[in-house]
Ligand code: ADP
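Okay, here we've got a single chain as C-alpha cells, the form predicted alone, with questions on binding and movement later.
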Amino acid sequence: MLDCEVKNGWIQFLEFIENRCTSAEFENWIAPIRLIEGNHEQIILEVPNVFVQEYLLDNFKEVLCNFLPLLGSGEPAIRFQIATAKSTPVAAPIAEEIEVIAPTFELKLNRQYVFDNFIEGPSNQFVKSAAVGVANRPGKSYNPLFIHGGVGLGKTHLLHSIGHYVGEHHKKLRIQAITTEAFINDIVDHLRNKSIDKMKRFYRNLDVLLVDDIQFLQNRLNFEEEFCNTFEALLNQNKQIVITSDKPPAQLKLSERMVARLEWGLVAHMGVPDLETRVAIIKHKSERRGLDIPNQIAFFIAEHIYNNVRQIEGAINRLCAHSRLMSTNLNEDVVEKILSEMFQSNAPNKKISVEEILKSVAAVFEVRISEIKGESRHKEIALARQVAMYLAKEMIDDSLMKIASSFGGKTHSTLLHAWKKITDQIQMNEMLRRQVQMVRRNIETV
C-alpha cells in the first residue's frame, strides 16, 4: 500500500535531485529507482542493482531525510529490493541477439596529448621515460604503471600519449582509455540493460587499458571489486595497464587487495615542474597559439604560477586573447594586470611547520617520522634526518635552537652541520637534489 503523502515526498525528492545533477547522472542512477510501497513508518524502493542503492545512500542520504520517513536513529526508513531480471522470450530473433552484443565502445583520446607536446623537466623526466617505455613495449616493461601527482601536472597528458603511440605503432592492439567515473557509469548502464557480460568481455579482451583518476573508486566496494577482477584478468594475460591518481596507492582508501595489485608494477610520482620547466612550458604553449612571449616575461609568469600546468595554460589563453583584442605589447606591468587574480591565488599564505617537513621527508625517503626524530645512525635514516633539518632551516623563519628542539631535542650546532652537509651534497648528487626538490614541492603544494 502506498501512502499519498509518502508518494508526494518521493516525487518532490526526484524533482529536487533532477535540478541538481546532470541529465546523464539522473538517468543512470536515479531514474531506474521505483517506489513500491510506503507509509509513515517505512518505504520500499526497487533498485536495479546494489550499485544504485549504494550510490543513492552515499550521495543523497541527507536529502532523503528531508522528504521521507525516518528511523529513530535519524536514518531514512528505506527498505531496498533488487529488481528481478525479466525472462527473455525463447524464440527471440537471432538478429536482435546479435545487435545486443555488438560492441559500442569508442576510443577517445585528446589529439593534443602526445609525447611531442609534453615538456620534460627534472620533476617529470622519470615518469615520461617510464611512459615511453610502456608505449614501446606494452605489457613487457612496467605493468601496471601507476602515475600519481597533483592536479594539472600532466598525468592525463601522458596517459593519452601512451594511447596515441600504441595506436600508431602497434595497430593490432586493442586499446581503451577511460576515466574511473566513466567505468562506473559503464557498469551501471550495462547492469540496467542486462548486458554486463558484454562489458566484461570487452574489457577483459583488451591489450592496453588506460584508466584516469582511480581515486574516484574509493569507498565504492562493489565497483572496486569489478575493477579488481578486470585488472587481474588483464595482468594474468600480460596485457598492459596504466593508471593515474592524485595519490600513491598506499594513501588511497581502497581494499588491501586492490592496493597490493596497484603496487605490483612501477609507481611513479609526477612532481611540480621547476622554474626552468615552467618557462619552457610557457614558451611552447604560447608559440603554438602564435604568441611570442619574451624570456623575461616567461620567467616573470613562471615565478608567480607554479602549482599547476593547467593554470599556466589558462594564463597563456588570457594573454593571447588580450594581445589580439587590444593589440598591445606584453610587459611585466601588463601581464601583472591581466593575471593579477591568478597571481594572488598562487601566493603562499601559510606558515610551514617542522611536522609538515617531517611528514614529507618521511614519505619521499620511505622512513618513519619517529626514526627521523630518533637516534638511529642507519645510513638512510641519517640522510633523511639531515634533509629534514636542511629544509627546516631553509623554509622556517624561527631560531635555530627552536627548530633543532623539534628534532627530538637536537642542538642548533647539529642542525647547522646537517644544513651544511646537505647544501654541499646537492651540488654533486643529482639524485639527492631531486629528492630534496620533491620534498620541498610537496610541502609547498599541500
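Predicted, not measured: the structure shown is a model, and the values here were computed from it. Numbers follow the displayed sequence, beginning with 1.
Below, we refer to the form predicted in complex with the named molecule, which is not included among the displayed structures.
**OP:** Answer for T156 alone: is it within 4.5 Å of the named molecule in the predicted bound form, judged on heavy atom distances?
**Re:** T156 belongs to the contact set for the named molecule.
Original post:
Does the named molecule get within 4.5 angstroms of any non-hydrogen atom of M326 in the predicted bound form?
Top reply: Although the named molecule is absent here, M326 would stay clear of it in the predicted bound form, with no heavy atoms inside 4.5 Å.
Original post:
Would E356 count as touching the named molecule in the predicted bound form under a 4.5 Å heavy atom rule?
Top reply: Because no heavy atom of E356 falls inside 4.5 Å of the named molecule in the predicted bound form, the answer is no.
Subject >> Exercise: V151 in contact with the named molecule in the predicted bound form, heavy atom 4.5 Å >> reply: Although the named molecule is absent here, V151 would touch it in the predicted bound form, with heavy atoms inside 4.5 Å.
**OP:** Would you mind picking the one in Q176, N136, N117, S195 that has a heavy atom within 4.5 Å of the named molecule in the predicted bound form?
**Re:** Answer to the contact question: N117.
**OP:** Identify, from the list R368, K337, K351, R310, the residue with a heavy atom within 4.5 Å of the named molecule in the predicted bound form.
**Re:** Checked against the cut-off, the match is R310.
Subject >> Stretch in contact, per heavy atom within 4.5 angstroms of the named molecule in the predicted bound form, of 358 to 366, 281 to 289, 187 to 195, 71 to 79 >> reply: It is 281 to 289 that comes within 4.5 Å of the partner.
Subject >> Contacts with the named molecule in the predicted bound form - residues in 122 to 138 whose heavy atoms fall within 4.5 Å >> reply: Heavy-atom contacts to the named molecule in the predicted bound form: only N124.
Subject >> Cα distance between L57 and D197, which in the predicted bound form differs by 3 Å or more from this form, closer or farther >> reply: Result: farther.
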